[in-house]
Every structure is written in C-alpha cells, then in structure tokens.
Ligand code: HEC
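Form predicted alone, single chain, as structure tokens, below.
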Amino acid sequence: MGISVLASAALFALPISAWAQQGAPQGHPEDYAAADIAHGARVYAENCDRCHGADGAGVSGVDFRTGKFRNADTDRQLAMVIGRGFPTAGMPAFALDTADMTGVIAYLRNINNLDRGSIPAGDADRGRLVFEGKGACLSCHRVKDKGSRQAPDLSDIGATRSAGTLERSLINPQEQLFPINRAVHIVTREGTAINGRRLNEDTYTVQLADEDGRLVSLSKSDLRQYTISTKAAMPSFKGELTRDELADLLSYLLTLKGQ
C-alpha cells in the first residue's frame, strides 16, 4: 500500500477542515481493539508488504515506525489517503470495507509497538467449524442460504462490522445490541401472540421477523401489547469457547463479505 503519497500536499487540495478537527489517537495498543490490530496485520501483509515491507520502512523517506504521517494526522485522514490513492506516485486506491480499513489503520498506528510475530492469528476454516458446530450459530443466524432467520443475517457481517466490534459482540452481546435488532413480544387485538425480531418501525407500523423467520408487518393501532426487550437474545461466548476458538470464529466472521 504505497502510503508514501502522504508526503504530497496535492492529495489534500480539497478542504479538509472537518477532518482536521478530529482528534488523533496517540497510537498506543490500548487505543485500539486488539482484534482490529490483529486483523489489520493480515490486511497489511496482503496489501502493503510488497512496497513498504514488513517493518513499514520499505519506501525511501517513509517510515511507519515513527507513528507520524506528514499530511494525515487523524484516522479519518488516513482512511481518505488509503481510499483515494495517488496513482501518479504509484499508489493505487484501495476500496477497503469497514473491517479492513479499521484494521489496517489500527495496525499502522501500532506497527512500532508490536512484535508482529506475536499477534494471534485465528484460522477461518477452523472458525467455520466452530460457527456451524460448537457455537451453534446457524440455529439463530443465517449465512447465504444456510441457517435460521431468527437473528440477523451474517452473510456480509465481515464487510460491515470491524474486528473489534465483532469480538465485543461475541463476548458481551448486550453491549453491542443494535436497538432495531431487539426482540419483541406482540399481542394483537384478537389475542394472537407474536414473538420475533424487530426489523423496522415508524410512527404507525412495525415490521418484524417472527420465530420462523417470516416477515410480519403490523399496524400499531391493531396491537393490544407491544413490548421491546432490552436484553440480547444472543448468549455470551466468554467462557464457552476457548481463546483460540474465539479467535478462529472471529477470523471466519471477517471472511463473510456478502460475495
């Protein structure tokens, strides 16, 4: 990843005042989720080693180990540089998704603080076995055409969530629960009880996936009871899976890009 383009002021010819107002992290491991740093190490190895080298000092005049970038102080500015590229300087644009961009920035910020060989690396193939076996994730979730519709579809979760967010979801799902995904209990005026997962809601209607995964749309005026749970239905895997199993499961989830 030819981020040597950071030396060029021309890249930021457009106004960046809004970006510049964002604070710049100090680049300590504690500022970034370990899972993001670990994932970023893999993204860096796949995209950046060939120019910048494993230690980040492969391009003349550019040394990532200093933790400083000439024209990009904040993480958002780094994302702009990586996403736009600078072809005249030999750097292509990198269309990285949320997980990959978050990860590579976390790794760049910490490249001088870490022993690359000590970064734990999960195995996606083993993680798939955990996902489908011990973790029993398909009993609630779905990936492509396989699994249940009771919980959110995970077919593109590796493109929309960062490694750190996914890790927190596995360990403390209550903390990471999106309000729109909360479980609901509904009783209609006729007395029909419906349990499911909220998908969408406005002033007058609510749409949900029931326990069989069927889409249900209801008018709120036809409801006798509408209760939204404040607890995550997903259990925590902390203590249920070993550290290695969690790392493997996370690696598998990060491969789910919706393709």
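Please read all numbers here as calculations on a predicted model, not as lab measurements. Whichever C-alpha set is largest while still superposing within 1.5 Å between the two forms counts as the rigid core. So that there is no doubt, residue numbering starts at 1 and follows the sequence shown.
Although it is not shown, the form predicted together with this ligand is what the next lines describe.
With the partner removed from view, the residue among 111, 99, 186, 154 that has a non-hydrogen atom within 4.5 Å of this ligand in the predicted complex turns out to be 154. Between the options 59, 194, 209, 33, the residue in contact with this ligand in the predicted complex by a heavy atom within 4.5 angstroms is 59.
In the predicted complex, this ligand sits within 4.5 Å of a heavy atom of residue 177. For residue 42, no non-hydrogen atom is located within 4.5 Å of this ligand in the predicted complex, even though that partner is not displayed. Within 4.5 Å of some heavy atom of this ligand in the predicted complex lies at least one heavy atom of residue 50. Interface residue remark: residue 253 is counted as part of the site for this ligand in the predicted complex, having a heavy atom within 4.5 Å. Only one listed stretch (200 to 208, 214 to 222, 186 to 194, 50 to 58) carries heavy atoms within 4.5 Å of this ligand in the predicted complex, and that stretch is 50 to 58. Using a 4.5 Å cut-off on any heavy atom, the residues of 130 to 149 that reach this ligand in the predicted complex are, in sequence order, 131, 135, 136, 137, 139, 140, 141.
A displacement of 2 angstroms or greater separates the C-alpha positions of residue 104 between this form and the one not shown, with the rigid core held in common. Put the two forms on the same core and the Cα of residue 155 is off by less than 2 Å between this form and the one not shown.
Relative to the superposed rigid core, residue 62 undergoes a CA displacement of at least 2 Å between this form and the one not shown. Compared with the form shown here, the Cα atoms of residue 253 and residue 49 sit 3 Å or more closer together in the predicted complex. By 3 Å or more, the C-alpha separation between residue 41 and residue 170 shrinks in the predicted complex relative to the form shown here.
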